[in-house]
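Next comes just one chain, in structure tokens: the form predicted on its own.
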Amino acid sequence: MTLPRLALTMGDVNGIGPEIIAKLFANYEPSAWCSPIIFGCASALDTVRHLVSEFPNFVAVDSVDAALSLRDGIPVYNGGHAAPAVQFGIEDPEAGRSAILWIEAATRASIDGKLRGLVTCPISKACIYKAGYHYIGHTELVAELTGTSEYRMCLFTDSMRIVHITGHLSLADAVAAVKKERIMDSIRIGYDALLALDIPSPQIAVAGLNPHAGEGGAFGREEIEEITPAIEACRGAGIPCEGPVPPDSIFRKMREGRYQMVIAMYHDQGHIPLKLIAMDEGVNVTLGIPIIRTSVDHGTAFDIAGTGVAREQSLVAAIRLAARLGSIR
């Protein structure tokens, strides 16, 4: 079986991206899962050499084709955009610019068919704003580049899969977005992902928005007017889903195996339980786009960058999931 070709974008070089990439290749064998190409800067990786006992053999290349033909070492391609000098923990707009340009290059190589998709290390939203970009994160950038209008942010672990009907919105805007059509689209996108992962007999639970899932309208009418009609429509289309389930119990039920996926009504409703239970194993997945995109489920961690204490486990989980999706799609 041919292993999927995947990009691994470095993210903000002043954060923990270079360190967790070096630890990934020092402590694991990603080449057993996929054919990886790092989109980033070899010199930035060299700044964390002292943090890894056996530093990997990273090799700078000048094109994706050169990376694909490399036989010895781990290819690092900067897409013509070298990073500024690394200053761990510093918010530098130029570091933000480099991170965006590497993501764009990796996404375009995936759209062109040279790669199956990308695995992303964290970026700083403050830095990319200061660099003049309007994106609020990887998800929106990749969706724009792929021309995708209906996409969803998701969090996956081995036992928890959470699809959010919205991503980075204020709580007021997120509540206003709890509408039947958006919930239906989220259920469909999530179900397609479960089928792609070959999950046997998948069952989807849809979370309520309000305490006790509205308590029959006593605490809000979104469950009655928007969420329940969406569930009924999807069940009528043959998708195994149920709810609305009270949000204070739904994640425990999924953890115990009753459900294989939860549809969350807003960002923190889904993020908090997963990060509490499986912070290091969580993977951020963008569903609905025509390429694969997974990511670590943490930020740049400027406060610990360069100290050697960053953990690579979320990146390991992200690249393993991308490789699995790349092998079966």
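Sequential numbering from 1, following the sequence displayed. What we label the rigid core is the largest C-alpha set whose atoms superpose within 1.5 Å from one form to the other. Keep in mind it's a predicted model, so treat the numbers as computed, not measured.
If you look for the form predicted in complex with a further copy of the same chain, you will not find it shown, but the lines that follow are about it.
For the options His212, Arg235, Arg108, Lys130, the one in contact with a further copy of the same chain in the predicted bound form, meaning a heavy atom within 4.5 Å, is His212. With the partner left out here, a further copy of the same chain still marks one of 89 to 97, 72 to 80, 195 to 203, 240 to 248 in the predicted bound form; by a 4.5 Å heavy atom cut-off that stretch is 240 to 248.
Taken together, the three residues Ile136, Asp268 and His271 all lie with some non-hydrogen atom within 4.5 angstroms of a further copy of the same chain in the predicted bound form.
Heavy atoms of Ala177 never reach within 4.5 Å of a further copy of the same chain in the predicted bound form, leaving it off the interface.
Under a 4.5 angstroms non-hydrogen atom cutoff, a further copy of the same chain in the predicted bound form lacks Val52 among its neighbouring residues.
For Leu169, a non-hydrogen atom is located within 4.5 Å of a further copy of the same chain in the predicted bound form, even though that partner is not displayed. Though the partner is left out of this view, Ala278 does reach within 4.5 Å of a further copy of the same chain in the predicted bound form, counting heavy atoms only. Residues of 101 to 134 placing a heavy atom within 4.5 Å of a further copy of the same chain in the predicted bound form: Lys125 alone. Fitting the two forms on the rigid core leaves the C-alpha of Asp173 displaced by at least 2 angstroms between the shown form and the other one. In this overlay on the rigid core, Lys114 has a C-alpha that sits less than 2 Å away from its partner position between the shown form and the other one.
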